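Taking the form predicted alone, here's one chain by itself in structure tokens.
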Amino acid sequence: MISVSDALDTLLDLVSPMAAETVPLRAAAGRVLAEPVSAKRDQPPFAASAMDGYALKSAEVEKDAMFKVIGESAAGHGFTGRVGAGQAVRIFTGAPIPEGADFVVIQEDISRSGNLITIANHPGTSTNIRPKGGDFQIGTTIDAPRVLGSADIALLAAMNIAQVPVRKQPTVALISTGDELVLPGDTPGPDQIIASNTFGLDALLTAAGARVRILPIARDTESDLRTAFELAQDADLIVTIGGASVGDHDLVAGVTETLGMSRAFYKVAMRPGKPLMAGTLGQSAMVGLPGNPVSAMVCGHIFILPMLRAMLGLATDTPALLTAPLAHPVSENGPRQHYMRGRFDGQSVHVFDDQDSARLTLLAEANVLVVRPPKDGARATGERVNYLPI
């Protein structure tokens, strides 16, 4: 067995960043920016009014001063003349500041009679003008890599960037194995269960930016497994679920060996998730996850998500563990690193009594994995422990 950190280092060595592709702006949300992009225009592209009011010369701004209104400047329809002494232009938010004006008195501070206005209240010191390029300027850069959120998309649009360079999405083929499995919605036989791991991992990996393909369940025969691997051979990452142990019906290791898999390791000193296998199969990286539902999902968080981040060109540093006091005592840990389901309530961590790796209900209730190092001693109420949010 190897340690969790050694296993993760090895897995990251099996993958490399995907190539870049260019997609329309509307398709870029949630994708990873592959290279820096620069603004093609200033924002705003002209000095603009920040308020509804009247544009005039700042040197003439004082209470009770009177001005003649000579025109109007609206968003999309600026005033083409010039503001002279004693003159003002009616202006609206977002409209260009007319030539000759450098101050906007808000409409609440103005009284108007026909084409004459009077500054009725002291207008304050703010010019109420947004300067040209005050938000960003031509050449302002958005650095890569970064996952593009809604605010990024708005910024790219304002920069007039219609085509965005992003990392290609890694294709992940999920292969569930076992005669005991049927798909959700099917009618299981008396000795069968539903293939839950496949769909949990699909959701986890899709949310992380992968393009996931769920392949047909591979039955416990070498021919079925061979067919599944043939269907997966063009994937960037192949993930098998179940069949990676050493029982009579665990065939993944043997079949992949005959198909030419270069195995990197087998078994990790962790709980849950010890029977984990990894290597390369053709051009694909491959990870064989254990079949217990919680084991598969925990390994997805600890190993598969960092692999995806590496493939997307993102940082792969191990997330910094958070710490919190225990809400109750916990017993000493065994010889393997233990990822214990628990719940952080904002003040302390409650570690669930039952850590059975087959109980998905407890995983669904958990919002943290408490990380116990090998041979960690018993901990008392109030002692701080490390945890990973999930």
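Quantities reported herein were computed from a predicted structural model and do not represent experimental measurements. The term rigid core refers to the maximal set of C-alpha atoms that superpose within 1.5 Å between the two forms. Quick note: we count residues from 1 along the sequence shown, nothing fancier.
Just so you know, the form predicted together with a further copy of the same chain exists too; it's not on screen, but the next bit is about it.
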Distance check, A253 to a further copy of the same chain in the predicted complex, heavy atom within 4.5 Å
no
Can you tell me if F136 lies within 4.5 angstroms of a further copy of the same chain in the predicted complex, counting non-hydrogen atoms only?
yes
Does any heavy atom of P45 come within 4.5 Å of a heavy atom of a further copy of the same chain in the predicted complex?
yes
If you check in the predicted complex, is S357 within 4.5 Å of a further copy of the same chain, heavy atoms only?
yes
So a further copy of the same chain isn't shown here. In the predicted complex, which residue out of A269, I153, A144, L281 has a non-hydrogen atom within 4.5 Å of it?
I153
Among A120, L259, I194, L116, just one has a heavy atom within 4.5 Å of a further copy of the same chain in the predicted complex, namely I194
Counting only non-hydrogen atoms, the one stretch of 308-316, 224-232, 282-290, 84-92 within 4.5 angstroms of a further copy of the same chain in the predicted complex is 84-92
What residues, if any, in 198-213 have a non-hydrogen atom within 4.5 angstroms of a further copy of the same chain in the predicted complex?
F199, G200, D202, A203, L204, V212, R213
Rigid-core frame, C-alpha of S348, shift of 2 angstroms or more between the shown form and the other one
yes
Displaced residue check between the shown form and the other one: P325, CA, 2 Å or over, core reference
yes
V385 C-alpha relocation of at least 2 Å between the shown form and the other one, rigid core basis:
yes
